[in-house]
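Single chain ahead, by itself, as C-alpha cells, in the form predicted on its own.
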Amino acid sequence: MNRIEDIVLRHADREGPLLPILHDVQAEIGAVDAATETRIAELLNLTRAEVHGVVSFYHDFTAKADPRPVVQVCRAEACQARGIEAMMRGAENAAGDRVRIETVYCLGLCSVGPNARIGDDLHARLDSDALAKLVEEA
C-alpha cells in the first residue's frame, strides 16, 4: 500500500475526511501535487476538481515540496498595529534563502502580538530582535 492510500485509510470512517487527509499528505509528503489530488479523488469517489478546489482554497497546501523550515508571521491588523511591518526587513534578512517566511492573517493571539508560528509552536509579544532570533533558530 502506498502512502496516499495509507493516509486515506486512516481517515476512512470520518465524516468529511478530505481536509484531514490533505493536512496529513502535506505534513508527511510535503506537497499535494496533481497526481496526489487525482489519487485522493479516486479513493474518496470525488472528482479531481472537487479535491483541487479545496487544495487551492487553503494556503496550507502546496503543489511542490519545499524542505526549508517555515516561520509563519502574522501580518493581520492587530499585529500591524503593533509594528510587524517594521520588523519584517530584519526577519527577511535573518531568513536569507535558508528559511521560508510565510505571511498569515491571524494566529488567534491578537492581544499579545506581534506573533509568529513555527510548526505547532506559537510565539507572542515579539519585537524585532526576538523575531530575527526566532527566524535564525528555525
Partner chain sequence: MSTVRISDDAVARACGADRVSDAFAKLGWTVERVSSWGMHWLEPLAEVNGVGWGPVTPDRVAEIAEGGADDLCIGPVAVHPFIASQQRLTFARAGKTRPLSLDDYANSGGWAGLDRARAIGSEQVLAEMAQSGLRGRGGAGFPAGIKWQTVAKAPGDRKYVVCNADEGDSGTFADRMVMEGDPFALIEGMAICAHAVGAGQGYVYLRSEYPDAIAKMNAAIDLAAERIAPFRMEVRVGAGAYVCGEETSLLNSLEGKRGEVRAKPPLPAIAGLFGQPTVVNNVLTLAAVPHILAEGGAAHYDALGLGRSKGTMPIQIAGNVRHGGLYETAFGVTLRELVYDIGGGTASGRPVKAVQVGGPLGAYLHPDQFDIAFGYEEYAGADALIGHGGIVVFDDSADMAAMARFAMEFCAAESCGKCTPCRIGSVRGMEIIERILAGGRKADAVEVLPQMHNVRDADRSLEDQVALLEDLCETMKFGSLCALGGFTPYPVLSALRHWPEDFGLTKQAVPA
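Numbering follows the first chain given and starts at 1. These numbers come from a predicted model, not from an experiment.
The form predicted together with its partner chain is left out here; the points below concern that form.
Picking from 48-56, 62-70, 24-32, 86-94 the stretch near its partner chain in the model of the complex, with a 4.5 Å limit on heavy atoms, gives 48-56.
Taken together, D6, E102 and V135 are entirely out of contact with its partner chain in the model of the complex: none brings a heavy atom within 4.5 Å.
In the model of the complex, its partner chain lies within 4.5 Å of some heavy atom of C106. Using a 4.5 angstroms limit between non-hydrogen atoms, L18 touches its partner chain in the model of the complex. Its partner chain in the model of the complex is not approached by A130, whose heavy atoms all lie more than 4.5 angstroms from it.
In the model of the complex, its partner chain stays beyond 4.5 Å of every heavy atom belonging to T38. Contacts of stretch 101-138 with its partner chain in the model of the complex, defined by any heavy atom lying within 4.5 Å, are made by Y105, C106, L107, G108, L109, C110, S111, V112, R117, D120, L122, H123, A124, R125, listed in sequence order.
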